[in-house]
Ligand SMILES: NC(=O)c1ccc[n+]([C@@H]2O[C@H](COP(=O)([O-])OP(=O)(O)OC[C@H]3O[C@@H](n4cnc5c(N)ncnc54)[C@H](O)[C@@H]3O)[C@@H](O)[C@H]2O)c1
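The data below hold one chain only, encoded as structure tokens and taken in the form predicted on its own.
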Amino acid sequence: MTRTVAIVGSGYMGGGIAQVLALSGARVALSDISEEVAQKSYQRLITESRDFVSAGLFPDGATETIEKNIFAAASVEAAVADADFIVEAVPEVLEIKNDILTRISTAAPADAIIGSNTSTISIGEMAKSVTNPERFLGVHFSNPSPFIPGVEIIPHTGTSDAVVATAQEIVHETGKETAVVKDVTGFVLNRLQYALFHEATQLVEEGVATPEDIDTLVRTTFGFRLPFFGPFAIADMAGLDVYNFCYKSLQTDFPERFATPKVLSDLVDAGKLGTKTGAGFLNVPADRTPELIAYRNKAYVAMQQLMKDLGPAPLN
């Protein structure tokens, strides 16, 4: 069955999401403040797609698929009238989003799933503007949406489990991965991203290192691991007892900023020290450690080669 999708807001994020869904085989109605704006965005997406194909970023035939599967709708109401799945991608202003969500709710089928691409605004707050709010949730793609594989799925307290499952299925059909997180301020992605940025700015303000040197360290050390392992996998491999000790060292100068997380100290007190004991945050069996180390080493060498092949980013 071909999915019928509507994208409301055809800017950089909305347009990219439209490309992603169109390439997965969905029929996508692209809408904006006017049909003229939506049509201009459609033409931009075609031009971008040709460039991406030429650069080897999209597969051969992608532009033809996008041309066939996306069309500019006459209005928001026309776009959503027959949609099964709707993504709102208008500016990050609650009043604008509430107005659009009201219009979508009025014009869309009563059972159409409505997702917001917001990165910061409460899903529960926006749900007040949606009729049948159990079909509403956050579906947060990252910029640039055609190329970043992770998507946050954010139900509010009233979102139905079936809607969450269907939204995940639709995203998975595009080849992306999903993580279901709770509707809290900043969700997960931005809380982590801004926590790192905050500490980085502290180091600059304290004169510990320059922005350039901090970026170099992040890229070439723990950031180098992150495409393959998240923070809990990294901690388990390092040893949770080591992490516990390092927290105590950090507390000599920053007792409050680096207070030991209770979830970490509880695991250490229970003798669950990560992969070396077969139990930690992720409970990787100890007998799989050699396999895990072999994968890790292969991944890091491949990443080093990729960086060499690409060369440095054109920041200077």
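Bear in mind that the values here come from a model prediction, so they are computed numbers and not experimental data. Quick note: we count residues from 1 along the sequence shown, nothing fancier.
Below, we refer to the form predicted together with the named molecule, which is not included among the displayed structures.
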Contact with the named molecule in the predicted bound form, heavy atom within 4.5 Å, among 220, 202, 102, 143 goes to 143
From 170, 127, 151, 76: within 4.5 Å of the named molecule in the predicted bound form by heavy atoms is 76
Partner contact check in the predicted bound form: of 255-263, 63-71, 284-292, 28-36, the stretch with a heavy atom within 4.5 Å of the named molecule is 28-36
task = Please run the contact check for residue 91 against the named molecule in the predicted bound form: heavy atoms, 4.5 angstroms, yes or no?
result = yes
ask   = Looking at the partner-bound form in the predicted bound form, is residue 119 within 4.5 Å of the named molecule by any heavy atom?
value = yes
Practice problem: Answer for residue 135 alone: is it within 4.5 Å of the named molecule in the predicted bound form, judged on heavy atom distances? | Solution: no
Check whether residue 6 has any heavy atom within 4.5 Å of a heavy atom of the named molecule in the predicted bound form, and answer yes or no.
-> no
Taking the named molecule in the predicted bound form and a 4.5 Å non-hydrogen atom cutoff, the residues of 1-24 making contact are 8, 9, 10, 11, 12, 13, 14
